[in-house]
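Below you will find one chain, with nothing else, as structure tokens; this is the form predicted on its own, and questions on how it binds or moves follow later.
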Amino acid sequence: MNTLISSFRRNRTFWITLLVLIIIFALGVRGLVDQEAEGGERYKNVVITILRGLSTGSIIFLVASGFSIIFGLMSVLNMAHGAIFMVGAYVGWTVAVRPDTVVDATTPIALLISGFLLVPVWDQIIKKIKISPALSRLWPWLGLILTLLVLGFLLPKYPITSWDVGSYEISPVNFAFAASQGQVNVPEPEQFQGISPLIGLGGILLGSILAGITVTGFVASRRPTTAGRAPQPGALRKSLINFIIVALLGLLLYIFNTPISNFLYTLDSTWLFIVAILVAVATGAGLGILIESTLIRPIYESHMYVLMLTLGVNAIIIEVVRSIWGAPEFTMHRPSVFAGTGEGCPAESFGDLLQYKCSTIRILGGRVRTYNEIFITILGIVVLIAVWLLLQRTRLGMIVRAGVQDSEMVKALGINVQRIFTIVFSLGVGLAAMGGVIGAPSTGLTTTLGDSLLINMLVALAIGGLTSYPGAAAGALIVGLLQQFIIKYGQIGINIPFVEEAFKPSPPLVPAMTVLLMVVILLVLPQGLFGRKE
């Protein structure tokens, strides 16, 4: 008892704030209860609103959790996080609707990556070559020019079967509409124009090797002569093996391009959606590695420059997405397991739900969407538990938690902090990309998708605590529930004493209320609900 009392005294501001939030939530629940209804019907509005709040909070959490881990370990405010969420949505849509485009694009991507896997080999070779300092600074620029010439000539000629944003008949909007109607249009595959496939593939592979050599040269020219460690035994051989595997994978994908594309088109939309999740997460993680290693790593200590840089990356990604997929909004169809509308729907029980694959289930007399309110919520809980286990039960998690507490101590223990930074950054943006592909069927796809989600994410993190993983979950839950309660009150109204007509909040009040709650909580708890006191 004494321990509980002393704990309350130390954290009385936190407990009082939490109690006030619970009271506000209870009043909101009471306001949604239909007093005239009987039995379970009486709590229909409450249950449906809470489920929708959990769904919204789950999407916010998928993005906020990665941001929280990155900021906690690296002190990096990645303002491109929302754009990565958007990229995950568009990439997931492409896999689900146009898998042939993804298969076509995988070959040049694999060939480009393969050349960079040889960087450790080129690093050792360059160390052994004795050249003047002036020449060591000059030749990487010549290599860069040669790389741009080779890849700039060959990459535009690589055949990728895609769409045309300027023509409605073959635009993403039309393909999205056809997919929502269950129609599958398989375009004729493109072919190399003007050059043979051997020259095209070999040239791209050569260009990637030149790019790897050039990057190694730039790094070596800025490194002291005595710097650098000798490679571990077997490291060079491992680099060669990885190069061969990735390059061979790219070539095999080109050879078997048509059979693989046809197989993906024959898959049920549920299985294709699982593939879309995996590809979107891999794309997000790859972009994270690229952004961290090339842009953020040189300016880790300059937090303002990192903030401005990631804002710039956010704008660039939005424009790239607009140029590839176009600016108009379109939809992504739900997996077939959540799209049933025939006999037995809406489902009356979870048994019927599994049997008929209904898009809705009846709960307390109201219809609940199985994908939006059930699947997304369950997936959010699964990710919450999985990442928590990663942080609490693995060596990587131990290092991340130690780095959040004291990064200098982790460096002093001889741990390769740079590699941990890269892994954590890719993990964080991978979670954001997962949130994008998961949320796309419920929110639709638009180039403003990332910006609106970024605001909700920052509000949730400010409420829960910027560096706290549990705080990310709590903040996302609070924001999701508050938004859905305000939306519901906008429909039925809020009874205010001494006022005849019920007050109905307008849609602009939804984000305003979450920001207002954030301001109030930060005035009371500047570090958020679960944040660390500096």
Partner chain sequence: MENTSPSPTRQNSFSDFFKGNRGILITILLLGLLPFILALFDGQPISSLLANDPGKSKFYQGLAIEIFILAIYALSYDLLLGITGLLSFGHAMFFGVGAYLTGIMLKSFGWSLLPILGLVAVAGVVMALIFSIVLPRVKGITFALVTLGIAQVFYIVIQSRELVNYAGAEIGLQGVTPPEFLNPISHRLRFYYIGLVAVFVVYFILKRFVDSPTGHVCVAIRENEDRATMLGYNTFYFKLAALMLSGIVAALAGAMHGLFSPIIRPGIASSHYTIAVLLMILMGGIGTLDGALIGAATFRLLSFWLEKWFGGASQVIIGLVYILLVLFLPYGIVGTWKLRGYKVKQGWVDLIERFTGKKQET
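Positions refer to the first chain, counted from 1. Model, not experiment: these values are computed from the prediction.
Omitted here: the form predicted together with its partner chain. The next part is about that form.
Enquirer: Contact check in the model of the complex: M308, V313 and A512 versus its partner chain, with a cutoff of 4.5 Å between any heavy atoms. Do all three pass?
Expert: Each of the three qualifies.
Enquirer: With its partner chain left out here, work out from 259 to 267, 71 to 79, 353 to 361, 94 to 102 which stretch has heavy atoms within 4.5 Å of it in the model of the complex.
Expert: So the stretch in question is 71 to 79.
Enquirer: M518 versus its partner chain, in the model of the complex: is there a non-hydrogen atom within 4.5 Å?
Expert: Yes, contact at 4.5 Å.
Enquirer: Applying a 4.5 Å heavy atom distance criterion, does I59 contact its partner chain in the model of the complex?
Expert: Because no heavy atom of I59 falls inside 4.5 Å of its partner chain in the model of the complex, the answer is no.
Enquirer: Is it the case that I478, even though its partner is missing from this view, gets within 4.5 Å of its partner chain in the model of the complex, heavy atoms only?
Expert: I478: no contact with its partner chain in the model of the complex.
Enquirer: Using the partner position in the model of the complex, report whether M304 sits within 4.5 Å of its partner chain, counting heavy atoms only.
Expert: Although its partner chain is absent here, M304 would touch it in the model of the complex, with heavy atoms inside 4.5 Å.
Enquirer: Just to be sure I understand the contacts: of K127, K238, K157, R137, which is the one whose heavy atoms reach within 4.5 angstroms of its partner chain in the model of the complex?
Expert: It is R137.
Enquirer: To verify the annotation, which of these, A179, L458, L272, V387, has a non-hydrogen atom within 4.5 Å of its partner chain in the model of the complex?
Expert: The residue from A179, L458, L272, V387 that makes the contact is L458.
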